[in-house]
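The chain below stands alone and is given as C-alpha cells, in the form predicted on its own.
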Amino acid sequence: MRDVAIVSFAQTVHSRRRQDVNEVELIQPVIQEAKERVGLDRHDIGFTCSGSSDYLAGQAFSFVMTLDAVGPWPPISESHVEMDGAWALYEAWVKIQTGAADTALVYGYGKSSPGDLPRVLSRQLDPYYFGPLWLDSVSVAALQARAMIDSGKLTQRQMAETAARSRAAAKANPFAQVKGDFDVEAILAEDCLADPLRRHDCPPVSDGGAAVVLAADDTARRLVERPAWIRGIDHRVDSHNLGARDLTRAPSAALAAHEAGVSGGKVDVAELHAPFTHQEAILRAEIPLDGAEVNPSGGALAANPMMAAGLIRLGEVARRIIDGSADRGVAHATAGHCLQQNLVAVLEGDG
C-alpha cells in the first residue's frame, strides 16, 4: 500500500444563496486556492475527481461544464461520482494506490438554493414503495429522530444541546453559515417542522464547495511539512429499504469505522457528517472516538453544502493535522437518507 496524504484543503464561505455566481464560478477559486497552497498548477495534477449531483444543477452531466474550473486542456485524467466529494476522494485514493498517479485534485460542490432541497433529496428514496408517499428528506429524518426518542436513546433536550454546541463551535469557523450563541430553552420552545424536528435540529440550506489535493509518498513530504496521512479509509452501505433497517443504528458506519482502523489508537479530533442533531448521537454510538473533540468546525449543522459537506469533514481533520493541532483524527461522511451510506477515514500526522 502506498502512503497517501491530504496536503491541501480549501473551501468556500458557505451561504444560504449565491446568486452572483454559477457552479463554475463558485468552485474555481477554491480549486485554485487548494493547488496554490502547495505550489502546484494543473500540469502537476495526475488525476482529477469531482463529486456533484445533476439533480441540484437541474441538467444532465452537469459536472462536464464544471471542468471549465479545472482547465482540462490539454486533456486530463478525470472522473466523477454522483456522490459527495468524500467518495470522489476515495476514488482518487484508489487511483493513486494503483500507481497511475502521484497527485490528485478532488472537489465537491453544490448549489441547493435554486430548488426545494428537501423535495430534491426525496428522489433518493425507493421509487416504487416510498416515492409515491411524497416524503421529503426532513420528514424521513423525523421518523428516525422519533425512533431514537421512543427507544430511550435520546431526548429532545439532548438534540437541542447538540444544536447549540455545534453553532457555538462554528463561531471560530470563518467559513460557517450558521453560528452564534443559541439558548437551549428557546430552541425547545420552537414549533416543530416535522415532529420531533425543529428548525435548529436541521441543517441549513447551503451553497458552497470544497477541494483537496492528495499526494503520495515523497511527493507529499515535499509539498508540505506535515502531511495528513490517510491511514485507513472504508465506506459501506445499509439497506435502501427504510422498513428493513433499525433506524436507531447505522451498522454501515460501525463496519466502515472498524475496517478503517478507528479503534487502533487515541482520536484527538473527529468530524462527523451529521446533518440532523439526532444523527450525531447515532454516529457517536457506532464509531469509537475515545473522548475526541467532535465537530469543532460546527459540522453540517453550521454549513451543509450538498456534495461537499462530507469532503469538508475530511478537510477539516486534515487541516488540524497539517497545522499540528492534532495528531490523529477521524473523518466521516454520509449520503442517502437516515445515514444509509457511510464513509470513515483515519488521518494521522508523522510522529
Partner chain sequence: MTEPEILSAPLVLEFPFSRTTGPVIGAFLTGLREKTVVGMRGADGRVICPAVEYDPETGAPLTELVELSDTGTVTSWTWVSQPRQGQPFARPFAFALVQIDGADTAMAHAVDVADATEMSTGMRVRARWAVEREGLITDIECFEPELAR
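All values derive from a computational prediction rather than experimental measurement. Numbering follows the first chain given and starts at 1.
Below, we refer to the form predicted together with its partner chain, which is not included among the displayed structures.
Chemist: Using a 4.5 Å heavy atom cut-off, indicate which stretch of 270 to 278, 131 to 139, 252 to 260, 95 to 103 touches its partner chain in the model of the complex.
Modeler: Of the options, only 131 to 139 has residues within 4.5 Å of the partner.
Chemist: When the contact criterion is heavy atoms within 4.5 Å, does residue 324 count as touching its partner chain in the model of the complex?
Modeler: Residue 324: no contact with its partner chain in the model of the complex.
Chemist: Please tell me whether any heavy atom belonging to residue 222 falls inside 4.5 Å of a heavy atom of its partner chain, as the geometry stands in the model of the complex.
Modeler: Outside the cut-off, so no.
Chemist: When the contact criterion is heavy atoms within 4.5 Å, does residue 265 count as touching its partner chain in the model of the complex?
Modeler: No, no contact at 4.5 Å.
Chemist: Tell me, yes or no, whether residue 58 is in contact with its partner chain in the model of the complex, where a contact means a heavy atom of each within 4.5 Å.
Modeler: Flag for residue 58 set to yes.
Chemist: For the three residues 116, 127 and 243, which mark the spot I'm curious about, does each lie within 4.5 Å of its partner chain in the model of the complex through at least one heavy atom?
Modeler: Yes, the whole candidate spot contacts its partner chain.
Chemist: If you check 218, 190, 150, 181 against its partner chain in the model of the complex, which one has a heavy atom within 4.5 Å?
Modeler: Comparing distances to its partner chain in the model of the complex, the residue within 4.5 Å is 150.
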